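Only one chain comes next, encoded as structure tokens, the form predicted alone.
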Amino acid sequence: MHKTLVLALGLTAAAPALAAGIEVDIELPRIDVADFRRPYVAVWLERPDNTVAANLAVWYGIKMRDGEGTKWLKDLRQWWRRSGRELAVPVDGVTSATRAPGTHRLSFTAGEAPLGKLAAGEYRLVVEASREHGGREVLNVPLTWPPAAATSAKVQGKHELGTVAVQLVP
């Protein structure tokens, strides 16, 4: 019993301190149309000069035969022009399959990929969605990094995106 107590104390002492982070909840609405297709979505951090600081997530038809899903990545026009055309997909930890309607949470920790060592400053979290036989929508959430205190912000989409909620953790 004494050995167990010492081991437990050792694990507690070795636990790392929590790092700053970003949590993003993205709502993909169910659109009532005959030929509903899951949207392609890109999520990134952008500097005030519109350059990309970090690609956080790209959801696309990753399992399509012969990599055909990449063919429509250019429909995420803003992301494509700023970063996508230079990105060799798939990217571990960034790209994944499209998502069904519902709310999807993404979590990023300072110092870990894809957020990495983000420099202090003003940014915009950008979420872009594009759907075959549908529309395209881009939402922006301004943020300051690193956060001095826990903060949150929400923006509401109108067509392809529902609510996008961002929580910053110091």
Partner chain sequence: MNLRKSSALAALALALGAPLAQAHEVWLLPSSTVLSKAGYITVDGAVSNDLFYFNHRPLMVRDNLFITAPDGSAVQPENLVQGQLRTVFDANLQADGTYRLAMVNSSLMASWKEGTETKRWRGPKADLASKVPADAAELVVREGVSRVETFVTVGKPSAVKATGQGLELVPVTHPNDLYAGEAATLAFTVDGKPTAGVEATLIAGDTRYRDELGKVKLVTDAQGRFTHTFAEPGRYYLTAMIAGPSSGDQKIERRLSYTATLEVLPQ
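Here the structure is a predicted model, which means the values were calculated and not measured. Numbering follows the first chain given and starts at 1.
What comes next is about the form predicted together with the partner chain, which does not appear here.
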In the model of the complex, Leu73 touching the partner chain (heavy atom, 4.5 Å)
yes
With the cut-off set at 4.5 Å between non-hydrogen atoms, does Asp35 touch the partner chain in the model of the complex?
no
Whether Thr98 contacts the partner chain in the model of the complex should be assessed with a 4.5 Å heavy atom distance threshold; does it?
no
Just to confirm, Gly121 within 4.5 Å of the partner chain in the model of the complex by heavy atoms?
no
Among Gly67, Gly116, Gly135, Pro142, which has at least one heavy atom within 4.5 Å of the partner chain in the model of the complex?
Gly67
Across 73 to 95, the residues having a non-hydrogen atom within 4.5 Å of the partner chain in the model of the complex turn out to be Leu73, Lys74, Arg77, Gln78, Trp80, Arg81, Arg85, Glu86
